[in-house]
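Next up: a single chain in structure tokens, the form predicted on its own.
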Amino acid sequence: MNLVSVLVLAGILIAVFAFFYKLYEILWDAIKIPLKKPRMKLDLGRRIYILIRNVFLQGKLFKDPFAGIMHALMFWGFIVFGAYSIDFFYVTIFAHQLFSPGILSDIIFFTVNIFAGIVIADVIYAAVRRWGLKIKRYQGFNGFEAAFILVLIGLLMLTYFVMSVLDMQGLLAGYTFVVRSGAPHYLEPISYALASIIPKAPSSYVYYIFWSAFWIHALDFMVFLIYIPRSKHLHLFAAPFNVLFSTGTQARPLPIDFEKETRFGATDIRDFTWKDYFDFYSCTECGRCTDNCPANMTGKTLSPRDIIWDIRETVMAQGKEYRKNRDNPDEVFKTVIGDPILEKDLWSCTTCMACVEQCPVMIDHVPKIIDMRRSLVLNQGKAPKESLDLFRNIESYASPYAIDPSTRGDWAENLDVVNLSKNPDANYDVLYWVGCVASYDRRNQDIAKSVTKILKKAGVNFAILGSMEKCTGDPARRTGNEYLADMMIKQNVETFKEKKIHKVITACPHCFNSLKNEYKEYGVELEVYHHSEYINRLISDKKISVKALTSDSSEKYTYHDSCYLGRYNKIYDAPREIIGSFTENFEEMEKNKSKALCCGAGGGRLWMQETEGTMVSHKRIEMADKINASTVVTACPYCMTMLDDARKTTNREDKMNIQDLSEVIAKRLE
């Protein structure tokens, strides 16, 4: 082993040690600091699928096609280039090839050559996007780190081509440290093309060119290895594991066991889970979450990226201090609420899940925000005034409205609807869960009446709970009052068990999400349908028929996706199929389906004033107006309330109607 081999071996050992030591510190923090130790289901098949889809195939990145293609090619190029790097250092240290000439070696070196050229083009494109086009979501976030990494990547590829071209030109005969020396031209087409174009260097210069390229390449790789876990590019290590460990139930806050737990919500970094730490470590600062956040989009200061990154920085700083001072944790761990996370930003969140949907590394922003809200509400009794009023109403009246709960079923008077609170022994096949908004709000009561009309027309044997129905707990849970949510859920679960309810229809996506996905944690399994699914099935099964619009009708429809129906439960097609059953005059708004803009009501914000920036609902109604829609169809009472109000306050009453799917169909029943 000569001096070069020894120096390279020593450098690699130092770099590898520095890399793994930092990973050890990071993993130590994730294991030792969190007080919550949630268990996960094995669910191996799903985990392998999402790992392949979202890591190796880079699936979620393609939601932004241009950036997605760029990043995917760079990622695949790096994986392929890893094989070359292994052989490069193996040849340098042991003086012979790791990959002997053959089919495998041919495939590796051909692919490396192609992808090295692609990665150089990618580096240039990435620089143009960040500093030329000045893409908004990149601005002001670790510009130096981004530039430094791009330089390192670019140098790796350039020095590879320098050595490859010199070898292709036959100038490295007798040089020991050349990977696959004398490879056929067809295995390195880009290098061969460059070797044909670039004049041969004088033999006296080749020595200096080669060794300069060699050492730059070797040192570049070592610096890269040391730098990765100390920068935002820690995601190269953390993100694959974060995707693998993702729960499959994103944006769903964990319940609190009030009989066992003594710390409620997330006050400091001890209150996040080890999976949350992987979320923090995986953040790439790409800004897709903030770019799609309805609050940020309308002038609020909330930035999901900043929340994740600021907590990550806090974890890094306080973790380092805790490793030195483990005897006094209360002196080390300071609250994250207030500094760096502003309270007003926590309350600006609509829990719409746009951030989670767009994140390429499957970071779960929403439960962290809800957990910090829980800390404020349950530990300090702090919340916006409207939320405190909401809590009092739910506690006193079992709904967000200060209305006598005995009148909950009054909307159904004279409609011949079975009300189990008045007729407890009635027979029925399906429970129609009306929800608080459709039970008490006059405008939304029309939705309940329309659903009733459709179910009766189809001959469905259904009943309502009337005064026995209580708030599902969703508004309380999303605004941080888990104790109140827990109380409501347990009361409803008791009713479900007493009445032996198994099949439920609801027109409220918030109730739908709670009953379908969250009540099972309380020991009740329900077969739950959103009314869009159920009505669509009634149409396809020919239980009801719908009159088509006449060809001369000028009515133009669009559909607004509810966040809790769409992103939370992936129901996008059924509402559109229903509209398509009676008209072809339909056009999508600018943001639709998984990219749909929230109405602004989720996360308890239906009952809060929106005083900062533009109202989210106003921005959404502008999108409908931009396509000249005369009817905006919704499938959510919250969305109905927000969009109908926006229509009125923006002076669009004469040109636009807001209708629920059930209302549209009920009017067109044959």
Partner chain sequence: MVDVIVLIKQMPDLEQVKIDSNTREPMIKNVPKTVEILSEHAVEEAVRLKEKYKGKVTAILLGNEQSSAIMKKAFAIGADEGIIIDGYEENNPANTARVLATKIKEIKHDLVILGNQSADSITGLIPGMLSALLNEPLLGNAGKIEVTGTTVKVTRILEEDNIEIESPMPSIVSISQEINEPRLPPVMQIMAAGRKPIKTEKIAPVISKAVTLVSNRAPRSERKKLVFEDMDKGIPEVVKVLKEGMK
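For clarity, every value in this text was computed on a predicted model and none was experimentally measured. Positions refer to the first chain, counted from 1.
One more form of this protein exists, namely the form predicted together with its partner chain; it is left out here, but the text below deals with it.
Hey, of 146-154, 316-324, 377-385, 413-421, which bit sits against its partner chain in the predicted complex at 4.5 Å between non-hydrogen atoms?
That would be stretch 377-385.
In the predicted complex, does A402 have a heavy atom within 4.5 Å of its partner chain?
The answer is yes: A402 has a heavy atom within 4.5 Å of its partner chain.
Consider K499 of the chain shown here, and say whether it contacts its partner chain in the predicted complex, taking contact as heavy atoms within 4.5 Å.
Residue-level check for K499: no, no contact with its partner chain.
Decide whether F391 counts as a contact residue for its partner chain in the predicted complex under a heavy atom distance cut-off of 4.5 Å.
Flag for F391 set to yes.
Taking heavy atoms only, is W215 within 4.5 angstroms of its partner chain in the predicted complex?
Heavy-atom contact with its partner chain at 4.5 Å: absent for W215.
Which residue, S204, S554, S396, S196, is the contact with its partner chain in the predicted complex, using a 4.5 Å heavy atom cutoff?
Exactly one residue meets the criterion: S396.
Exactly one of Y572, Y428, F241, F264 has a non-hydrogen atom within 4.5 Å of its partner chain in the predicted complex; which residue is it?
Here the answer is residue option F264.
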